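There is one chain below, alone, in structure tokens, taken in the form predicted on its own.
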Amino acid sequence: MSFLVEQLLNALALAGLLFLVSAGLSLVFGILRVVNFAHGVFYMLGAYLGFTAMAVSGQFWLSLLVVPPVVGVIGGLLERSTLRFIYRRPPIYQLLLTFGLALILEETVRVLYGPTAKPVDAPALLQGAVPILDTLYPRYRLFLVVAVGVGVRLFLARTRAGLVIRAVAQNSEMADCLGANVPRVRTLVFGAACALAGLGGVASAPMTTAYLGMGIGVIVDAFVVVVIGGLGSIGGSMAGSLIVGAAQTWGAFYLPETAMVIMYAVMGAILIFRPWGLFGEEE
């Protein structure tokens, strides 16, 4: 029984990090209709800036508060200076631009930080483990399970900013008629999506360290999540994150050589029987 609980919590911790990245990716598509290939780099940027904030201040909680807005500002500036001018262009322009931005940002991180991984320590309050049934479970992972998904979901469901974001995601033309400044909301949403990815990077750094290329792995998983859940659906991102987190966690234990195959098999089945995703809308 303790093993089942441990694996369940591991799946939820992974799902929480995936949700932070995939929710932003889904929001950007739902509002801007842009598939942002650079989204994973903002996740990596959050991890490296978290390392810098820890090195300067020594406070993990401060980095958790400061880094996501900084990443969000960087994302908002990029949206205003680049993406805003190609919304009406064919999708290939958006793909090439975001892919180019990803290469530029990753090379910038390589030049500034070097090729070696940067370790980040968890705060003293979250170090060690707590007893759960007959096993000891890391406090930091338990923190991710409790804090990450719940906090983001409450923001989108209970705050005015979250309601505006969801309204524009569902129908930007109607939101414009009701008085929402759609161009400003688009910039804020792109920045918020990047901030969510940055938050995921800061939160994951104590478990994985900050390293070059970490954005590539997470963006692949995030695309699988949004395909399963449905592009533009926050609820779908949450459901898809849980499915992918469970598939990776349980698959890695029982079938370590085919864990990734299980995840892609689930995505393939969704594409065959419901191409618009579990919570997406058929167009």
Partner chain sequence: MTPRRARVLGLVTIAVLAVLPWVLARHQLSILVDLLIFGLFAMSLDLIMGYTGMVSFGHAAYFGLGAYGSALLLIHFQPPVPVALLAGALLAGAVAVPVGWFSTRATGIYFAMLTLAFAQLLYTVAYKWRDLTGGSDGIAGVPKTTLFWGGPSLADPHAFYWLVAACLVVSLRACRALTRSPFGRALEAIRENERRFVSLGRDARPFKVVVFVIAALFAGLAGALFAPFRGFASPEVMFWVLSGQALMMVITGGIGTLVGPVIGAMVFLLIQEVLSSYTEHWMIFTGAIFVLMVIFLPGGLVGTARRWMEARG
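Bear in mind the structure is a predicted one, so any value in this text is a computation, not a measurement. Residue numbers count along the first chain shown, from 1.
From this point on, the text means the form predicted together with the partner chain, which you will not see here.
> Among A122, I132, V146, I104, which has at least one heavy atom within 4.5 Å of the partner chain in the model of the complex?
Of the candidates A122, I132, V146, I104, I104 is the one lying within 4.5 Å of the partner chain in the model of the complex.
> Under a 4.5 angstroms heavy atom criterion, identify the one residue in V244, M44, V226, V28 near the partner chain in the model of the complex.
Exactly one residue meets the criterion: V226.
> Where, among 196 to 204, 183 to 191, 96 to 104, 67 to 75, do residues come within 4.5 Å of the partner chain in the model of the complex by heavy atom distance?
Of the stretches listed, the one contacting the partner is 96 to 104.
> Should V220 be classed as touching the partner chain in the model of the complex when contacts are defined as heavy atoms within 4.5 Å?
Yes, contact at 4.5 Å.
> Is there any non-hydrogen atom of L126 lying within 4.5 Å of the partner chain in the model of the complex?
Because no heavy atom of L126 falls inside 4.5 Å of the partner chain in the model of the complex, the answer is no.
> Taking the partner chain as it sits in the model of the complex, is L9 in contact with it (heavy atom to heavy atom, 4.5 Å or less)?
Judged by the heavy-atom cut-off of 4.5 Å, L9 is well away from the partner chain in the model of the complex.
> Using a 4.5 Å heavy atom cut-off, state whether G40 contacts the partner chain in the model of the complex.
G40 lies outside the contact set for the partner chain.
> Just to make sure I understand: among 183 to 209, which residues lie within 4.5 Å of the partner chain in the model of the complex, judging by heavy atoms?
If the 4.5 Å heavy-atom criterion is applied to the partner chain in the model of the complex, 183 to 209 yields nothing.
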